[in-house]
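In structure tokens, one chain follows: the form predicted on its own.
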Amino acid sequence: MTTFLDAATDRLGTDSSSQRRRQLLELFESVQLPTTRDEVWRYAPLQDFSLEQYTLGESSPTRDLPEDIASTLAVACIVIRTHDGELREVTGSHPGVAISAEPTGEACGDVTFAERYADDAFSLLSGAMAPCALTIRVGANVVLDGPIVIVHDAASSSVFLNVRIDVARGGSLQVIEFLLGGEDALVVPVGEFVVNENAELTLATYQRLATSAWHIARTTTLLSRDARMRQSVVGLGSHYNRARNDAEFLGTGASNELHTTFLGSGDQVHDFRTHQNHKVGRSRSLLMSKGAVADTARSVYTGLIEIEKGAGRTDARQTNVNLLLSEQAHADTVPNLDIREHDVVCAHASSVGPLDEMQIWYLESRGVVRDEAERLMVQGFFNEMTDSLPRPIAALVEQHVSDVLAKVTR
């Protein structure tokens, strides 16, 4: 680790503007990288990971977008492009919306960056090494007439991204986010979202990095009174794809819908983690995690609904459904409830299994050949998740799923 840390220390330098980032790097060094002895990392293929595999690259030119991504930009009100975590381009504008590159590591809510991620080595490293925090602020009662599209391009060996979105009281925003590139790279995004009183944020993230990438992401959403968050996370790329998505309910009437989905092939590992922390009553969370693994791919789901004492009349539910498309594929599912209040509605469910042979037989009895029957069933399995996505992303995900399914072995 010495070589990477030395390069990171040199990159930050000694000027006063980097003081907070140097402190985060020192915290990262003290926390150290996780091992499979840590409960929250025991399913990760950390035996294949070494920070020394990666370097801190120099700035490079912005690359052309893939045609299918470029075609989605027509629906955007504003287009933002980042390159290796650096804000490169903002196209378009809207009254009441401010977009800027700000220092990383600043507090979100009442908790400092260092405190919030005190035991999360990768988030600390991202806070230290990201070139900036891409910050989007939406003013009070501002409603955009189209989505903001963010395209992150990972071209270097190690890429650190920070994104912050703050929607003021009564505001409404839809964001579509793409993660591209990442050949043989380590990509570590950290997202922090503040949704204020009676505001609404819809965020759809489509991660389609190269299958040689390591993608380790974390998001935190803070929800005030009557705030509404609708988040979709799609992970189809990366060798190891880890996404942790947290929500803190700070005001009554707050609600959070989270949909996560994945399709694993080859030797991919998809690792989704969620924490819905209901700190006040009369709040609502609905989580659906659904995906499939083929070949020798694996998936992991670990979800926690936490309801604190006094958070009565809370309604919180989580569901995890895993489809096994080969005998060698494997899925682990660990839904958890931590309830310290009586007057609540709370539920969790999970399932792991192959395609239903009776349903395949039914389709075959109607003249559908087996391969086509399996393809139709898998696409139907994903429809529930793609239906929750903005249409520009849904069409891309549906095509990507179809392309992967055509190549997998069953």
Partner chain sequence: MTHQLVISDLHVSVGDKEIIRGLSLTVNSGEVHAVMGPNGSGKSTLAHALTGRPGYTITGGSATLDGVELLTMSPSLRTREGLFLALQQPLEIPGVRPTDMLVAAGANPATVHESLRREADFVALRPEILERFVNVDLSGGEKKRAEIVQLGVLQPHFAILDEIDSGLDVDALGLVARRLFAATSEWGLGIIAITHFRRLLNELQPTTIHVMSAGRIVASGGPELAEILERDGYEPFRAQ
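Small disclaimer: the values here were computed from a predicted structure and weren't measured. Positions refer to the first chain, counted from 1.
Unshown form predicted in complex with the partner chain; subsequent notes refer to it.
Only one of 59 to 67, 358 to 366, 39 to 47, 345 to 353 places residue heavy atoms within 4.5 angstroms of the partner chain in the predicted bound form, namely 358 to 366. Within this chain, L33 is remote from the site of the partner chain in the predicted bound form, having no heavy atom within 4.5 Å. Put simply, E384 is close to the partner chain in the predicted bound form: some heavy atom of it is within 4.5 Å.
Though the partner is left out of this view, L51 does not reach within 4.5 Å of the partner chain in the predicted bound form, counting heavy atoms only. In the predicted bound form, at least one heavy atom of E372 sits within 4.5 Å of a heavy atom of the partner chain.
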